[in-house]
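To begin, one chain is listed below as structure tokens, in the form predicted on its own.
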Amino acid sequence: MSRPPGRKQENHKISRELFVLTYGALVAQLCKDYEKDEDVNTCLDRMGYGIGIRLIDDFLARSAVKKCRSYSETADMIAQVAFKMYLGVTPSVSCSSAAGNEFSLILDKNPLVDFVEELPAERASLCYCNLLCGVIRGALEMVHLAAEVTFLQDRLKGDAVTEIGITFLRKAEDRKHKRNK
């Protein structure tokens, strides 16, 4: 079925509360399906990765951003544009290495945990929002940036903030040399 000419594509949005509750139900079901937290974390990361490799197309089309020239610009773009666009929050960014390839996204407020008070004691090693790591890793991979993405701090585990660490796995100089060959 084709769309009539001149008709604008509709953006279907769900409420933030519905998304957060649905995500919570997903994590709860995974906790029932898997005994080990590591298995749940891996599953959430894989799901996020699948979302990230598809979401990057939407992000690039809707944001009309220019190509980032450095890892620092990329980390800023993730924080200031992507997080704001999809989660409605803007984490702060800090570089945590002299090489300039390690960054932290620090969230004062994590919207995915709006209705979660704390993790059960038997789920102490669960990374409740590990889906976010997979999304970031998948999206970066689709723009040819290999990265390791992990949670460094989590409010659900008693930390003051939620912190996501991004380590770009290739140095910027390596990428330039490959292009010049």
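Just so it is clear, the model here is predicted, and its values are computed rather than measured. A residue's number is simply how far along the shown sequence it sits, counting from 1.
As for the form predicted together with a small molecule, it is not shown, yet the points below apply to it.
Put simply, of L156, L140, C43, L126 only one has a heavy atom within 4.5 Å of the small molecule in the predicted bound form, and it is L140.
With the partner omitted from this view, the residue of A146, C68, L152, L26 that lies near the small molecule in the predicted bound form is C68 [heavy atom within 4.5 Å]. For I56, a non-hydrogen atom is located within 4.5 Å of the small molecule in the predicted bound form, even though that partner is not displayed. Put simply, S104 is far from the small molecule in the predicted bound form: not one heavy atom of it is within 4.5 Å. Under a 4.5 angstroms non-hydrogen atom cutoff, the small molecule in the predicted bound form lacks V93 among its neighbouring residues. The small molecule in the predicted bound form comes within 4.5 Å of no heavy atom belonging to N110. Within 4.5 Å of the small molecule in the predicted bound form, a heavy atom is found for every one of T74, F83 and L132.
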